[in-house]
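The chain below stands alone and is given as structure tokens, in the form predicted on its own.
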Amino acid sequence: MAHSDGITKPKTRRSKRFLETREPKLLENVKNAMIMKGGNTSQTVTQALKDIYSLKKPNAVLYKKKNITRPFEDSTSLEFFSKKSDCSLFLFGSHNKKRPNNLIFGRLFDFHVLDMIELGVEKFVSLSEFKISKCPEGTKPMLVFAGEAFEMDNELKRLKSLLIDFFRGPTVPAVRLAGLEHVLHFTAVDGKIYLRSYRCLLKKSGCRIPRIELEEIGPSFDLVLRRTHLASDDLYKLAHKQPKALKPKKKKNISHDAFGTKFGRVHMQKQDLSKLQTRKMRGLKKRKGEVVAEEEQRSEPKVAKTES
């Protein structure tokens, strides 16, 4: 590929197809995540990164080598790897004396860091410690957020948006009932965030609707909020901007109620009901004499009344 004036021009068909996959699209591809560890990590952080990678597969890339970088001080290496692997989400794990068992969740816009939120792992139970059957790889999870803090605190509100982006998976037009088997539950209480993973079991209930039971399958995290790097309101608004082609066109005289019922308004001209064709009945048919009398009454001129 040749570079001229900041524009990359392909020289082969293979490079042309590669650049076409990286072009902006109306409907975005599934967001991929890159998971990497820093220069110093602990066994807890390493196992936590592997477990989150197993939840995110196949839309994730796990880097096994150490990357000596500090995202809050210099994010150029993260931006380089995101452009190389075409990932718009990242998870960075590190460990030091000041901030032990550290996880940094982040996302990028136009291959530049948009948001970064640092979480500390206080308690962790890995997937391997739950000796039960797990959900299949690539299962789209149901995300549940509990706690008023996710709606009141600005930082936790942004964290909620980031976690939805990270774990939501591909967009699907329809979901079958048996496919709703994985639940990720996030709870914000007393300044801590609890992450639990459950498997949804459908039991017999004696009626058409099954009885639902939740079975914890791991991993389990007790997290605490540390540092944050949030985008400005203008940049955040620009990142959420949608092209005009995706916005639904407003149709005139059509409305919907709270239940999704479609209502339409039809405009018609005033009708002359005297010329309306009705059902012909012999009993309602006028006789010839009555018709002549009506015509004579209509032809008589109107005489103004005078008082004597």
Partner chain sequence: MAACSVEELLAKAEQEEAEKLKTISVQKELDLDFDVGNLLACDKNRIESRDFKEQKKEDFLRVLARDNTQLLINEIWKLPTERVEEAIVAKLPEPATRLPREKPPPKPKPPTKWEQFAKLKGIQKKKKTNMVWDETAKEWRRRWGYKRANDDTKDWLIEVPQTSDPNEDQFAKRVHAKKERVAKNEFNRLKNIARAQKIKTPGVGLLPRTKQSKDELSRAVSVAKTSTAFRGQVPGPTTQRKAPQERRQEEEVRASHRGLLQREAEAAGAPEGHGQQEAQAGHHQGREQTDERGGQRGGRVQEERTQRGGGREAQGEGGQRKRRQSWRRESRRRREEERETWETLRSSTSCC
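The term rigid core refers to the most C-alpha atoms you can superpose between the two forms while keeping them within 1.5 Å. Numbering follows the first chain given and starts at 1. Remember, predicted model here, so these are calculated numbers, not experimental data.
What comes next is about the form predicted in complex with its partner chain, which is not displayed.
- Although the partner is absent from this view, D190 contacts its partner chain in the predicted complex, with a non-hydrogen atom inside 4.5 angstroms.
- With a 4.5 Å cutoff on heavy atoms, F109 counts as touching its partner chain in the predicted complex.
- Its partner chain in the predicted complex comes within 4.5 Å of a heavy atom belonging to P243.
- Its partner chain in the predicted complex is approached by N29, whose closest heavy atom lies within 4.5 angstroms of it.
- The partner is absent here; in the predicted complex, the one residue of E155, D74, D86, E129 having a heavy atom within 4.5 Å of its partner chain is D86.
- Exactly one listed residue, out of H95, H229, K134, R168, brings a non-hydrogen atom to within 4.5 Å of its partner chain in the predicted complex: R168.
- Contact residues in stretch 127-159 (any heavy atom within 4.5 Å of its partner chain, taken in the predicted complex) are K140, P141, M142, L143, V144, F145, A146, G147, E148, E151.
- Once the rigid core is used as the reference frame, the Cα position of K16 differs between this form and the one not shown by 2 Å or more.
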